[in-house]
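Only one chain comes next, encoded as structure tokens, the form predicted on its own.
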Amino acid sequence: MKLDSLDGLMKPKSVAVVGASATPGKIGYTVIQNLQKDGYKGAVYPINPNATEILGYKVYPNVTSIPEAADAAIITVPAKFCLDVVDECGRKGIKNLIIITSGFSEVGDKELEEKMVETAHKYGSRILGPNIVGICSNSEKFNGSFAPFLPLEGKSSLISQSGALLIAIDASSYIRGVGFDKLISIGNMADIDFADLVTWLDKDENTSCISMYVEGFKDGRTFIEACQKASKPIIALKSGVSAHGAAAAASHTGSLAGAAKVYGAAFQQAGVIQAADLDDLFDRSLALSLQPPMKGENLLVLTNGGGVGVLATDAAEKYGVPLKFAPADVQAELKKHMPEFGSAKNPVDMTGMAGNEWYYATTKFSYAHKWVDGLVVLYCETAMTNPLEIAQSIKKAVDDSGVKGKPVTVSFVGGERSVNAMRWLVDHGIPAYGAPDLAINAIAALREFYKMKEIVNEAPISCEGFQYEQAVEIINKARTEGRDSLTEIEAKQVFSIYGLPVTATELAKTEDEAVALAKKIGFPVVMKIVSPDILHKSDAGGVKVNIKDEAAARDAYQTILKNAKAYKANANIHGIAVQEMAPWGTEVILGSVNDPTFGPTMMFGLGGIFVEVLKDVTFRVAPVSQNQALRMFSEIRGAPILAGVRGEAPRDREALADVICRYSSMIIQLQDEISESDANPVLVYEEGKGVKVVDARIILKKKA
């Protein structure tokens, strides 16, 4: 569908209300009432076969009888009538359908929902919903919903999967002093989804920040692509972040891939800022909607109180914008506007003696100085100052500086006068908060937005040129044998096709073969059980390492078989793998899941047998470039180990990044075949000495 096909939905010049009611308290009445009382200027066509007039509007018996093809139809009739209404709207030429009615996929009737979408698309129409509150738009004075009123006016637009939460946000916008231009209820997303609305809102002149409450996506990759193309800041509050699918997971990666980690990775790749909770969504949306991004790292904090300055310092470190001492020339100028016992370092403490003139002078100078990339101004209410005058001084200083494109946030700590002063600041384009940590968090969001867009705009690098057909042959062989997993040797063959440096491994079916292979590969060797029924070989006592001679090889062969049969008596044992014993290196794990929302998804973390205990892992939606892989390394708690600690040389992170890129190409190309996979451990050597994949596991997708 074309982008402009949503114009009639978001900016309708006329609207039909199908299921309009003359009875107060019914949704069909409330929608008509809201359109009227909130000032909608377009034509309104109530549809009800049993009424002639509702709230002064002429009522029509059916959609066919209205005098024009309205831009949008708001549908409130019971679910069983909705399909006929969608068809009637299509025949009339109404292209945008806002289906408030519930009773579809959310209660199990997915078929009716799908038929409605199919019917709408037959006529080139789009559906918002069903199971929604509707749309509220301040710029259009359009309350096409059963929310009580339009929200406080603002520059953010919010999309919510929860109707009840959207109504609560509508009301609380006035209490919090954080406004929105549009509130959009998205419900079941039978047709129009987050990606569609992000794309449209990014072009909307009345929206400067896109906020969203997310429970889940139907097509996560489309969402990522839409957000990557957007130029405006996007912030999301994700609910339902408990682990999913872990009980059925067959690999380490599957058991560790919870919704929080995968969604967090997807948001980062999409350039979407995350909100920690509902308060955070409001606070960060306010800053992102009013201020430009923070392009550099140097944050300066001005204050009249040491306590709030210390709180701001702590918050700056917590939120990723730690304070640095201001340069000598900056300190020298700032000292002119404070007593001797003040501090010009950073935070800049002008002391409680600071009045309008000091706030004006320090703010103007600081905001204009080239060293300062972002400014936070703090104020504690005193008996000697008027909060509104302080607010006006700050605003005038920013304006008089002549500087554009640099962010400023403010915090006033005080009583009712301070609250009123902060509302004045917000009305004049400067986000203001009741606590210093909130002002720091807000400017951190502006820094985060800039850094994310830099990452999103990186030139993509992919690893290509692999023999996909050879890999599928190996997989098909396993399928013909009725297996839903590859043996370690088969998995290593697939890995090798994609350029992963695997240890030399061969299969022995007898004790003598094991000895012969060990001599061929060269002692010392590793021996492991090979069975599709024993995926976690260490748990079964199916691994022996550092086998140094023939006697040890024979003993290992017998012991492994004995342990495997004791672990699972009916296991299908293919034989014993004899493998080169790679030199010691730092153990990491690579893995993948085929996520139901985002598809092939890559995991990286510290490896070994305790990976599921330590859970020191991070994720990316595939494909993963070398640059993205390098960033993944810094996200785990064990990052210093890769960098080199306690006398150890740095590990070969460049080689590891290349392996991750190749691995991600494998899971993309084989996404119809691979459900989960692990390479664990992968040994990482010193810089320039590469990596080695020691163990491999591939779980296949079950075919219908």
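Owing to the predicted nature of the structure, the values given are computational and were not obtained by experimental measurement. Quick note: we count residues from 1 along the sequence shown, nothing fancier.
What follows is about the form predicted in complex with coenzyme A, which we do not show.
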Check: Hey, of 126-134, 317-325, 437-445, 599-607, which bit sits against coenzyme A in the predicted complex at 4.5 Å between non-hydrogen atoms?
Finding: 126-134
Note to self: Is Gly163 part of the interface with coenzyme A in the predicted complex - any heavy atom within 4.5 Å?
What the structure shows: yes
Check: Is Thr52 a contact residue for coenzyme A in the predicted complex, using a 4.5 Å heavy atom cut-off?
Finding: no
Notebook entry, point to check: Heavy atom to heavy atom, is Val77 within 4.5 Å of coenzyme A in the predicted complex?
Noted result: yes
Check: Can Ser665 be called a contact residue for coenzyme A in the predicted complex at 4.5 Å between heavy atoms?
Finding: no
Check: Can you pick the one in Ile100, Ala147, Leu197, Val525 that has a heavy atom within 4.5 Å of coenzyme A in the predicted complex?
Finding: Ile100
Checklist line | Contact residue in the predicted complex, chosen from Ile589, Val85, Val530, Ala266 - any heavy atom within 4.5 Å of coenzyme A | finding: Val85
